[in-house]
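Shown next as structure tokens: one chain only, the form predicted alone.
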Amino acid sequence: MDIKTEQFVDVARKELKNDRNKQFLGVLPYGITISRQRSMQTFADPEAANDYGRAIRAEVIARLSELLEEFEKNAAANGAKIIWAETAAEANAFVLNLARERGVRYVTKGKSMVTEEMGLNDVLQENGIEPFETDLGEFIAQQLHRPPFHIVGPALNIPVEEISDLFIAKADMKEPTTDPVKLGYAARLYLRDKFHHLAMGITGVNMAVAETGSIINVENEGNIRLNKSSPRIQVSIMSLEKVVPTMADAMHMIRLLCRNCTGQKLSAYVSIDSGPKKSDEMDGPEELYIIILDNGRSKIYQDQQTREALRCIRCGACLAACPVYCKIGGYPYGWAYSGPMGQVLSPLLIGLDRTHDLFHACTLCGACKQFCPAGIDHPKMFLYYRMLEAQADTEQKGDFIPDKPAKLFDLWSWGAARAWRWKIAVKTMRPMMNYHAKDGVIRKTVAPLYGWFRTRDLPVMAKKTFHDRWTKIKKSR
């Protein structure tokens, strides 16, 4: 599994120079936000609808273990086989071993962020089983070996000309085209062929209903429904927080999910599965395996503060609201989850030390919190991570404030206490500060002083202060 969260700053700098993505990101968030707001207005009381959704997610967190046990009991009664996986490695091993036992040569996959988190595609491919993403955006991202640019549209930013070249090379398209209908048809022909002799389909789970033991998926392309109805074996993978208490709760959360994802009242397809197909049914799998993945979530749940991250329903509303994501896009986040959602989840799943720049790359404006239908307080989470990081530094170094910054602040205080000291300091520091200036900003000179400057560029200091210029003007009058 290729995790590149440590490269956040470098990739972000690169993306800030990507003119095409900058233009795209300048338009995309507004379109998504407008669609979301219009669809939310179709509720009789939009705020009450949000409050109900947040209350559902709060109940899930409060009763998580109880709901999971209820779901397991009812899903098993429906004929599904429940597999508990403590780690991503365990879940991957189960899928791989099942495929080997049944002689599966390839699998098809519906769009699933949890399988991205697990690195399932890499594990299968390394062991001779070809995984085919059947969501169009995921298929494009997979073939280009790129992470998702956006949770809803993984390949939204890819130029149509590049997609055309890709489909000629990979999907047997005969001639180049930029016509979206022709491109979609070429992908359809290529991917539909994979379903004809399919032995195993793999999907994620948008919601798992404790009351009925059912799993629910929402989509707009129909590929998840084909992944569920075509093969003999269906493997559905869910992270443990996807459970909801009742079918009524699930229906309300679907209404919120679709409106916040794509601005639709309801997605084109909603699939509800309660076990494998019955003897009198034509479509559906003969075997249904539901993998409930922990992958560190039990540890997250133990902390009253961090368990709030498990409210997330992966709608992506926070991405369009985030001023940082809207400048750099999804690639700098370096993993499956991007935007504020990724900044909340990734540090808990792979460690604060590997995601330092993610939870520091926040203006704390609170727009993500305002838009979140699940009720996550993202800024509060980021501040908590920063506190945990500071505590870890304290335990290692013995001082809450490292030596260099402490001395720097002492010097700053001494200099600012007298006007004449400040003037001398500014005149002395200006040439040194500007010595390594490039493109109108100071970068390398101050970086060693304190980590805060490592990801922040300072403007070049003026040759003369305002006070000097004003004094000169007064004398000339």
Partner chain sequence: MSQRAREEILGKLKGAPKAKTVPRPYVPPLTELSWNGEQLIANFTQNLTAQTGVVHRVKDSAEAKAKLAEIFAEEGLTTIMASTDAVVAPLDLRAWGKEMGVRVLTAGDFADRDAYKNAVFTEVQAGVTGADYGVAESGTIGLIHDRNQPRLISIAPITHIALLPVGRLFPVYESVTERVFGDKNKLPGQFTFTTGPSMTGDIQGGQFKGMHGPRKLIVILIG
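Numbering follows the first chain given and starts at 1. In this text, all values refer to a predicted model and were calculated from it rather than measured experimentally.
Only in words, not in the display: the form predicted in complex with the partner chain, which the text now covers.
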Q: Report the residue, out of 170, 102, 146, 192, that has at least one non-hydrogen atom within 4.5 angstroms of the partner chain in the predicted bound form.
A: 192
Q: Sort through 119, 275, 375, 131 and report the residue having a heavy atom within 4.5 Å of the partner chain in the predicted bound form.
A: 275
Q: May I ask you to check whether residue 283 falls inside a 4.5 Å heavy atom distance of the partner chain in the predicted bound form?
A: yes
(Q) My question is simply whether residue 90 lines the interface with the partner chain in the predicted bound form - judged by any non-hydrogen atom within 4.5 Å. (A) yes
(Q) When the contact criterion is heavy atoms within 4.5 Å, does residue 306 count as touching the partner chain in the predicted bound form? (A) no
(Q) I'd like to check something about residue 265: if you look in the predicted bound form, is any of its heavy atoms closer than or equal to 4.5 Å to a heavy atom of the partner chain? (A) yes
Q. Can you name the residues of 55-76 that have a non-hydrogen atom within 4.5 angstroms of the partner chain in the predicted bound form?
A. 55, 56, 59, 62, 63, 64, 65, 68, 69, 72, 74
